[in-house]
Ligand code: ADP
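The chain below stands alone and is given in structure tokens; this is the form predicted on its own.
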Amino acid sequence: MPNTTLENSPNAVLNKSVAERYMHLPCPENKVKATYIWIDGTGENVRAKTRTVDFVPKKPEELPVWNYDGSSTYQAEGTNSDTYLCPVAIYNDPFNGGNHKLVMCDTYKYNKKPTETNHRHTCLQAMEAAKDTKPWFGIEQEYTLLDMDMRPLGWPKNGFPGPQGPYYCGVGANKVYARDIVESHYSACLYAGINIAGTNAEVMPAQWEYQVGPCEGISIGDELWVSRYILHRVAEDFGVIVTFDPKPIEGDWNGAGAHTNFSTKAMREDGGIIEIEKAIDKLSRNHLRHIQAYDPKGGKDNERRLTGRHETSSIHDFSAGVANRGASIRIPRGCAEDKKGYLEDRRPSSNCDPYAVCEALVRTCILDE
């Protein structure tokens, strides 16, 4: 029986078995499809295009620098549009299989300077300066699935589902929607080599979460961006839209965040709670700086989400507490009892740039900048 919420989706009505005939054709051993992925001028959307290389790349440095039309991605003028793609990380391609690769890239303008949305460039500098402290990150990526009318998937067309309560980590057709997409994404990330740690249904129906990490240093940004690309591609096959908007539905519904877990080697060792408390003190004195870094619009998107309700703190105030999901910074109860571990920054929005978020944490908590 067709899903009426997807009846207008051209991708959902395609016969996927036809494509399988071609996807299973043998590929010459010396030919590899390399899909270059990058962040466009919005700072929150990804773009991708594919080229053939005549070897199996093992390191990003082996792949050629490429270019694209930056005037079509909000990153250049039409009169000087060539923008450079520089490979920075390689993953297995779950869509093409075999030796084919996904390639995360950062972007540079005609004069070889980073584009405005290339936050990886300065994040890498911060990570290099802080590498002796072994910074680890884990990001809890929330998102919402939409139908072609931009309505949360499975919601009534002319009304709303029942109030929040039964949906979080729910089981059953009346509580969760599109688990097929979630499980497909999970498997695809594992195949790609993404350090995906888990997944669960979230508080609002059609809202889900997955976790990436722990990752050390710059790899957290590379892996989270590629995991987002994979999610968009998987949902595309099902004719479903993914949104990372931090407040996709106004009213008494939970927003979406990218809660960021952070620790250093000293925090993870015995007595590390002292280092965690020092980091929280530094964060309390740099609240505005972090709010500006935690969504692509300098805090404007988070204004809709960080209201002090729906398991959020207020955007205007800094707070911290043990096991408190209404605080800016949460210390997990287990960490408080063990007196070591990590802190959870609950302020980043779901559409944040993880490079910008993790750079801010490192510069504030480690480099004292």
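Worth saying up front: this structure is predicted, and the values here are computed from it rather than measured. Numbering starts at 1 and follows the sequence shown.
The same protein has a further form, the form predicted in complex with this ligand, not shown here; the description that follows concerns it.
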(message) Taking 4.5 angstroms as the heavy atom distance cut-off, pick the stretch from 77 to 85, 254 to 262, 233 to 241, 170 to 178 that is near this ligand in the predicted bound form.
(response) 254 to 262
(message) Whether Pro214 contacts this ligand in the predicted bound form should be assessed with a 4.5 Å heavy atom distance threshold; does it?
(response) yes
(message) My question is simply whether Tyr143 lines the interface with this ligand in the predicted bound form - judged by any non-hydrogen atom within 4.5 Å.
(response) no
(message) in the predicted bound form, is there a heavy atom of this ligand that lies within 4.5 Å of any heavy atom of Glu209, even though the partner is absent here?
(response) yes
(request) Report whether the minimum heavy atom distance between Val203 and this ligand in the predicted bound form is within 4.5 Å. (result) no
(request) Identify, from the list Lys339, Arg325, Lys59, Lys300, the residue with a heavy atom within 4.5 Å of this ligand in the predicted bound form. (result) Arg325
(message) Between Ala129, Ala197, Ile249, Ala266, only one gets a heavy atom within 4.5 angstroms of this ligand in the predicted bound form; which residue is that?
(response) Ala197
(request) Indicate whether the candidate residues Phe137, Arg330 and Glu344 are all in contact with this ligand in the predicted bound form, with contact defined as any heavy atom within 4.5 Å. (result) yes
(message) For the stretch 163 to 191, I need every residue with any heavy atom inside 4.5 Å of this ligand in the predicted bound form, listed N to C.
(response) none
